[in-house]
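Take a look at this single chain, the form predicted on its own, given in structure tokens.
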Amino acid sequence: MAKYKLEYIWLDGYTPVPNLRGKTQIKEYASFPKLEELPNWGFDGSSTQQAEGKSSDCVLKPVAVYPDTTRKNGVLVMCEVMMPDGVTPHPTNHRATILDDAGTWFGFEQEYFLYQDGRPLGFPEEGFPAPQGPYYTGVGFKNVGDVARQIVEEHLDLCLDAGINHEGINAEVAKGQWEFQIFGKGSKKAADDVWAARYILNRLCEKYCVDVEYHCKPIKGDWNGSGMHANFSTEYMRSVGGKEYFEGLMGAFQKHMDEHIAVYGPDNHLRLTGLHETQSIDKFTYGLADRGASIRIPHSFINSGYKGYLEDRRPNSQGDPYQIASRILKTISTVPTP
């Protein structure tokens, strides 16, 4: 039997953006523990805005498990927050609102800035660096700096070691801005992996004295904001699809535009301005290969007879993938199949 360090991770009750929390317990196992072998664990909800002090108990229910190669016998345990009975989802538990379907696939494109001393990495102490242009997918010290790429590469390796379905990285349009992509078959799986990847990145940056800035528009002016574009498809979209169904789907997305924006991340009006590869927050549009539309239609979708996946470009970098996936699935469920 070996002693394993189980890092239980959950989302707190802060609004509009929950924080990641984590605490460790030690358990003995003969080998790396399976999800069903991990016990529920209590915590003080009064310290995370999830309970009052006079009745502070909340319960962590494991939902995903990952190897943690930063520790000897390390385990990352993604959890849902439950009420004291261990059965009823806590009101802050948005994962429980997802009407999951194994045939639903999500790909999330997580953009973020790396910050140090109150400014993005690579920004001068006063003023701004050269305008946007060479930074996207850039290479070389003047474009990406030094420690940024080291962090991004190390994060990639840690995610792959953890078994997260990490699909790629790139430097983004603004200086100090980066992106990683997560894909999952099953919306809960995809969202779990995004939150686990965020946790790994936040913790990794501690040793570099660097912060991860997820705000969707941290730099005012002519600089790109940060999104978390959601690429999605269902079994029906991939195997049947068709123009009639697609048009019905877009009609439903337009009808529920306000409900989508409400859960697509705070301060999105600062980012969705109609500039910097966005559509205005008060409009809904879709277009072929159009990064200025609300929904981008890939060429492959049209070429395949209106089958495949679509990209919702409105979710922002602070958005909760659980809430984003839940809302997209609810809208899709309103569309009858021909």
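We number the residues from 1 along the sequence you see. This one's a predicted model, so the numbers in the text were calculated from it and none came from an experiment.
The same protein also exists as the form predicted together with a small molecule; that form is not shown, yet it is the one meant from here on.
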R291, heavy atom within 4.5 angstroms of the small molecule in the model of the complex: yes
Contact of N231 with the small molecule in the model of the complex (heavy atom, 4.5 Å): yes
The small molecule contact at K255 in the model of the complex, heavy atom, 4.5 Å: no
4.5 Å heavy atom contact, E80 to the small molecule in the model of the complex: no
Among the candidates D100, D267, E154, E167, the residue which, in the model of the complex, approaches the small molecule to within 4.5 Å (heavy atoms): E167
Answer option from R149, R238, K142, R119, heavy atom within 4.5 Å of the small molecule in the model of the complex: R238
Segment that reaches the small molecule in the model of the complex - one of 291-299, 66-74, 48-56, 29-37, heavy atoms within 4.5 Å: 291-299
